[in-house]
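Starting off, we have a lone chain in the form predicted alone, written out as structure tokens.
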């Protein structure tokens, strides 16, 4: 299965992946309308310091502990992709506590969100990958995760 991978040696720490992610999941037609003057809620996050930066997003684990721990049944794995049903999420944050990668975060309403590989929007591939100016984020097959 194809997944998002980060080549941290190429990451500039520019945060463009966060903006492209937030825009792709906004449901709006224009980036400026979707993001200008508003707090963004991306499903990918840049972490690091002045020496190294890298993007953190869902790894779509083979045996995801977030699915097992979700008390509301809001997280499931469908065709290899770990998905979040935001209508079922009760905002208990259990998934945040158990995820070893820090891949889940609340949206503007306090409901949990995570990377779903942009399968539900019209980008065709993850928006973070398309928006990365240095190609530090890739979407490819690398065997089992």
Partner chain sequence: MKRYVIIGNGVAAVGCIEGIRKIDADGTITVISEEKYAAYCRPLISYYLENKTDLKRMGYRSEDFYQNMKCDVLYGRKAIRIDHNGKKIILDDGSALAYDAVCVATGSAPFVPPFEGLETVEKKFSFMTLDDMFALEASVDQNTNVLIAGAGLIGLKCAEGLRDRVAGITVFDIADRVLSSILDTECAAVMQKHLEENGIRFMLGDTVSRFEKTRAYMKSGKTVDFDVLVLAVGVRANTALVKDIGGEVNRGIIVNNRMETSIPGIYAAGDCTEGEDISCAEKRVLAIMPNAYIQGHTAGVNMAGGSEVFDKAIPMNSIGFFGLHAMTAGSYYREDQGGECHEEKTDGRLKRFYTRDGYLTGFILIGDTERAGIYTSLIREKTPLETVDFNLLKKIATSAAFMPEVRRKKFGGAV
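Only a predicted model underlies this, so the values are computations on that prediction, with no experimental measurement involved. Numbering follows the first chain given and starts at 1.
The form predicted in complex with the partner chain is left out here; the points below concern that form.
Visitor: With heavy atoms only and a cut-off of 4.5 Å, decide whether residue 84 touches the partner chain in the model of the complex.
Guide: Although the partner chain is absent here, residue 84 would stay clear of it in the model of the complex, with no heavy atoms inside 4.5 Å.
Visitor: Is residue 80 close to the partner chain in the model of the complex, meaning a heavy atom pair under 4.5 Å apart or at it?
Guide: It does not: once the partner chain is placed as it appears in the model of the complex, residue 80 has no heavy atom within 4.5 Å of it.
Visitor: Would residue 102 show up as a contact with the partner chain in the model of the complex if we use heavy atoms at 4.5 Å?
Guide: Residue 102: yes, in contact with the partner chain in the model of the complex.
Visitor: Since only the chain is shown here, I'm wondering whether residue 69 would be in contact with the partner chain in the model of the complex (any heavy atom pair within 4.5 Å).
Guide: Taking the distances in the model of the complex, the answer for residue 69 is yes, it comes within 4.5 Å of the partner chain.
Visitor: Using a 4.5 Å heavy atom cut-off, which residue among 31, 56, 40, 111 comes into contact with the partner chain in the model of the complex?
Guide: Flagged contact: 56.
Visitor: What residues in 76-92 sit within 4.5 Å of the partner chain in the model of the complex, counting heavy atoms only?
Guide: 87, 88, 90, 91, 92 sit within 4.5 Å of the partner.
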